[in-house]
Ligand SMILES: NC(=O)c1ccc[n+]([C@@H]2O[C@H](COP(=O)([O-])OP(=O)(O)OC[C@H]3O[C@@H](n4cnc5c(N)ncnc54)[C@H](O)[C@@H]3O)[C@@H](O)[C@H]2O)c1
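To begin, one chain is listed below as structure tokens, in the form predicted alone.
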Amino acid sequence: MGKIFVTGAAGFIGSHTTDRLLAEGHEVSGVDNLRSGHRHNLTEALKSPSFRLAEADVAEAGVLDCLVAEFQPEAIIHLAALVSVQESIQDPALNRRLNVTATELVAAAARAHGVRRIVFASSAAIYGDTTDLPISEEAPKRPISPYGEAKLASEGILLAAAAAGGLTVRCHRYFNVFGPRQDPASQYSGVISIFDRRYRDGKPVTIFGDGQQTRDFISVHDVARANVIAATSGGLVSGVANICTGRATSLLDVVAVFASHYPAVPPPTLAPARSGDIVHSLGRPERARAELGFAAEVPVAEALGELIRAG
């Protein structure tokens, strides 16, 4: 069993990744500034003697170096980030600090203290609004936001560090992740968590467009499993991979599941499509299967049911 360091450990994906690492017997040290993460996401993890949490800003000089030097992990799973696309547009300097500078500090700490592996939370946002579906890892990179640009720049920083030797880097390009603990009030919040809150409140959801638009929705449990595989499996080489299902799900499909659980809620309200919204997004999952042995296992309807029951 290994020692794994997790940045953004109290976040949506970070807390699920931490829980899975602990369930598999690893020792975990986490750090989070609680800007978008929450201590209550780690309620069970904090009961474990194999977990510690530092409340700190990973983009602050010296923080990561000190924590990594003390813990001496075999791997770092770097999930801390500014996660709002809109906020990255409004405050590009903050976006660079939390998304690029933080990644530079992760790479520096890994090199300084002999960390052998980094798993990085990248994003399908690096592909922009490409219409050539399904999207492969070789697709043109045309990010349309500072957030997407920062994720692409961070991949370059980490892969360059890997090329310099002594370090394996896995960059995970997440598609539409959803599940328990995703904050519906967050600017980053996905459409599913917003729908979930509306249905719980007994209010109809609003669909912009005809509802036929599709996404590659993937359960946070699958994403956490992919992170753990990449951090702990032997024989991996550096590279990038889409973390997706390879299956398209329409918003009307999502609404049908919610409606089956909330029959008293009025049907959706349709509104004009919003300018700039991507109509269809779908990833190719084959590389993750070939290089990591990872394939998504949780069907969207099953994961939606879990989210609804979680309350």
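This one's a predicted model, so the numbers in the text were calculated from it and none came from an experiment. Don't overthink the numbering: it's just position in the shown sequence, from 1.
Separately, the form predicted together with the named molecule exists; it is not shown, and the next lines address it.
Comparing 66 to 74, 255 to 263, 52 to 60, 278 to 286 against the named molecule in the predicted bound form, the single stretch with non-hydrogen atoms within 4.5 angstroms of it is 52 to 60. Shown alone here, Tyr174 lies within 4.5 Å of the named molecule in the predicted bound form, counting heavy atoms only. The named molecule is not shown here, and in the predicted bound form it never comes within 4.5 Å of any heavy atom of Arg247. When contacts are judged by a 4.5 Å heavy atom cut-off, Tyr147 counts as touching the named molecule in the predicted bound form. Taking non-hydrogen atoms only, Arg170 never approaches the named molecule to within 4.5 angstroms in the predicted bound form. Residue in contact with the named molecule in the predicted bound form (any heavy atom within 4.5 Å), chosen from Ala226, Val106, Val119, Ala81: Ala81.
Counting a residue when any of its non-hydrogen atoms is within 4.5 Å of the named molecule in the predicted bound form, the hits in 7 to 30 run Gly8, Ala10, Gly11, Phe12, Ile13, Gly14.
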